[in-house]
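The chain below stands alone and is given in structure tokens; this is the form predicted on its own.
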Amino acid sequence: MTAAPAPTATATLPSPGRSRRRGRRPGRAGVSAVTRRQQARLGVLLVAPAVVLMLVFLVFPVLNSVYYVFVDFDGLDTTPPWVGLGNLTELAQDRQMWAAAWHNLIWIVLGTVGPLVIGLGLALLLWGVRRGSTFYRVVFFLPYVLPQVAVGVVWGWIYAPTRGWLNRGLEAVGLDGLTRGWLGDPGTALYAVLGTAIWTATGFVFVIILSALRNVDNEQVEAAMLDGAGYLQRLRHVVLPQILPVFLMVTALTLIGGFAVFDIVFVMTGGGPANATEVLGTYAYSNAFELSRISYGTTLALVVTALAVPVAVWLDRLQRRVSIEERGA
């Protein structure tokens, strides 16, 4: 008969290190959990006002607008009839809507390219000017901060057929054949209003791009000059890449403004003459508030939003990617 081996001390007694670790875990976990709960409550408390405001002023109006797309609401009937896709079908077959969309497209192209080219040119001209720089920025930026109603009224006087300054100036230089009622002629009305909008937006583009040019690395420009690069080569390969993120941001803001244009057209022509300056914004307004077709006007407004959002998102992502690549370089 053999005796059973006696248990060893190492098999039954826990090691000192393991004991210390087991003793610390509950304490750390307890403190961490409490801290996380407090941080979560603080986060919810801080975010709650913004969430409430977004729900009240963004989510609810959008959902309410979507509801109006599927009913025929005239602004008075509390139980508007359900029409399903009727508003969208009518919109697709509405020739006046397509004409307004074409005017919007012209506005987006010319109203974006014009301020960008003129603003960039002015900023490059005044880039190296230090004396009077503040004066130039104030003068060019002033039209952008003026109320659009005031701008429209003043330019309406300038375009006046008999006593307007534009026709008087043309007569003074012997170009009487070009004088006309700029806002009353369907062939020139849209471009006359567009010229006013370009004049207004150019100051904004100029100020933003001039600020970006102030941050261009002059050492790279001087190095390119020493290497024999011409002005256009320095502009294309050295200057423009450094201001490209800002340029894209300005492009996005100007382009989105082309989708949402309303006030300057409404003040200067109201969409006339003969719908020659009608854009989607004024067409939606006339349907909703002059013809009491709230649902159809809402449908037009949602279409404008649906067209603008993807472009804005694409430009925003492009601007972020360019910014990241620039920081990485």
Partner chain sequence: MRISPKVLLGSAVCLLVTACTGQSASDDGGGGGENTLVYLIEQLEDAESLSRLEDHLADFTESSGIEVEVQQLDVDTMRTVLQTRLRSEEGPDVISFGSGPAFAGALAEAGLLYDLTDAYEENGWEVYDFAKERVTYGGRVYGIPGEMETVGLFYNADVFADLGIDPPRTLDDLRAVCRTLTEAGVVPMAFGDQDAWPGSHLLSMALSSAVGADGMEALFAGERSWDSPEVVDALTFWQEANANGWLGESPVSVDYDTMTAQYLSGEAAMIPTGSWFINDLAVGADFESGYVPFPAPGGEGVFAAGLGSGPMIAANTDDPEGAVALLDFFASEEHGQWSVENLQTIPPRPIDTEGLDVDPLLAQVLEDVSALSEGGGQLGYNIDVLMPEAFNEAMFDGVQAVLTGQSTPAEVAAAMQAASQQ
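Residue numbers count along the first chain shown, from 1. Just so it is clear, the structure is predicted and the values come from calculations on it, not from any experiment.
Beyond the structure shown, there is the form predicted in complex with its partner chain, which is absent from this document and is the topic of what follows.
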Contact test in the model of the complex: P61 vs its partner chain, heavy atoms, 4.5 Å: no
Heavy atom of F140 within 4.5 Å of its partner chain in the model of the complex: no
is_contact(F289, its partner chain) in the model of the complex, heavy atom dist at most 4.5 Å: yes
In the model of the complex, V151 touching its partner chain (heavy atom, 4.5 Å): no
Region of this chain that lies against its partner chain in the model of the complex, out of 61 to 69, 269 to 277, 256 to 264, 295 to 303 [heavy atom, 4.5 Å]: 269 to 277
Candidate from P80, G195, P161, G86 lying within 4.5 Å of its partner chain in the model of the complex - any heavy atom: P161
